[in-house]
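Single chain ahead, written as structure tokens, the form predicted on its own.
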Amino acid sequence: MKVAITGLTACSGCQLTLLNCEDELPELLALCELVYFPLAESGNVLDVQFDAAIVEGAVSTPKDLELLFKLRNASSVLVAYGTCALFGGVAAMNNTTSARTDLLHTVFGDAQKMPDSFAPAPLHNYVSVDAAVTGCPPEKQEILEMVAALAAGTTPPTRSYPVCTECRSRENLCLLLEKKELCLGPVVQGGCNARCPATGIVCEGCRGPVREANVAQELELLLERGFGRDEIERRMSRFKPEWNYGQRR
């Protein structure tokens, strides 16, 4: 299986998490031939046909878009790898609240020449995506499942239950109902084994919405508990800029 692994606008954390599967790397490398992986090796070749391209990050520059199109055209399967690739992630969190030019000036000051960029967006806004692995970064188990699935000619499984399911199975106190903290566990995709709530940290939503999330009910619940609408939307948009709030919009 010829594989390309790369990142667009992102922190490279998802790619690093794959490299951090140290004990399993020999088995993973036995399943695939890494033809294009700039973060990990030199001498990469892009002018070949890939069985799978695993792409981290949001699309926010013309170079991002050019690379994405090349990988899409050269790959049988394209995987959106991590929350930025799937939803835009942190890079897109201010898309709906601030003008792009203002954001560029905040980062680059009064530089005469600004980088050529546009509002960060997920991969599926530009190309068809065959499979996805969520997380910021993805969990190690999900990475192993992804490689095994691709090698078997299928796509990796997705979790259709929320973080709350895993949180309750660990017998944690509910941070939302019992400690009255702004926790997004009811509407966020599980698979992390409630890593943050288990240590007393609220779910920030880094894995994106669970399938069929009842966002309107979550919003109602948070409003009833005294959280402000702006505070709720700001928290929910941290990793995914746009949610469907239903009739509460």
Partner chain sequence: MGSVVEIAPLTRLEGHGRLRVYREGGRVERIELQFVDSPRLFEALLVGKGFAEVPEIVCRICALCSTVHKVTALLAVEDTFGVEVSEVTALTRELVLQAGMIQDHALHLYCLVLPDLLGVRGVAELARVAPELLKTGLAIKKAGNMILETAGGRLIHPVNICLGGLGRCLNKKELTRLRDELHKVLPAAQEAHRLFSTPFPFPELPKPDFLALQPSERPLAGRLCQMADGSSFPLPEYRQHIKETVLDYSNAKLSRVLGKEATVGAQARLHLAPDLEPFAAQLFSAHRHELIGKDMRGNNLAQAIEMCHATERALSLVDRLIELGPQRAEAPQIHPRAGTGCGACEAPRGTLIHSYSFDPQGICTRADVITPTALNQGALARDLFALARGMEGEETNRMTTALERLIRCYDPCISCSVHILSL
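Treat the numbers as computed from the prediction; the structure is a model and nothing was measured. Positions refer to the first chain, counted from 1.
The same protein also has a form predicted in complex with its partner chain, omitted here; what follows describes it.
For the residues L103, A148, C174, V129, the 4.5 Å heavy atom test against its partner chain in the predicted bound form is passed only by L103. Think of it this way: in the predicted bound form, its partner chain has a heavy atom of just one of E224, D47, E41, E66 within 4.5 Å, and the residue is E41.
In the predicted bound form, every residue of the candidate spot (G7, L29 and A198) has a heavy atom lying within 4.5 Å of its partner chain. Contact with its partner chain, judged by heavy atoms within 4.5 Å in the predicted bound form, is confined among 68 to 76, 121 to 129, 154 to 162, 83 to 91 to 83 to 91. Of the heavy atoms in L34, some are within 4.5 Å of its partner chain in the predicted bound form. Its partner chain is not shown here, but in the predicted bound form it comes within 4.5 Å of a heavy atom of T61. By the criterion of a heavy atom within 4.5 Å, R234 is counted among the residues contacting its partner chain in the predicted bound form. Using a 4.5 Å cutoff between non-hydrogen atoms, R168 does not count as a contact of its partner chain in the predicted bound form. In sequence order, C136, P137, K140 are the residues of 134 to 161 having a heavy atom within 4.5 Å of its partner chain in the predicted bound form; the partner itself is omitted from this view.
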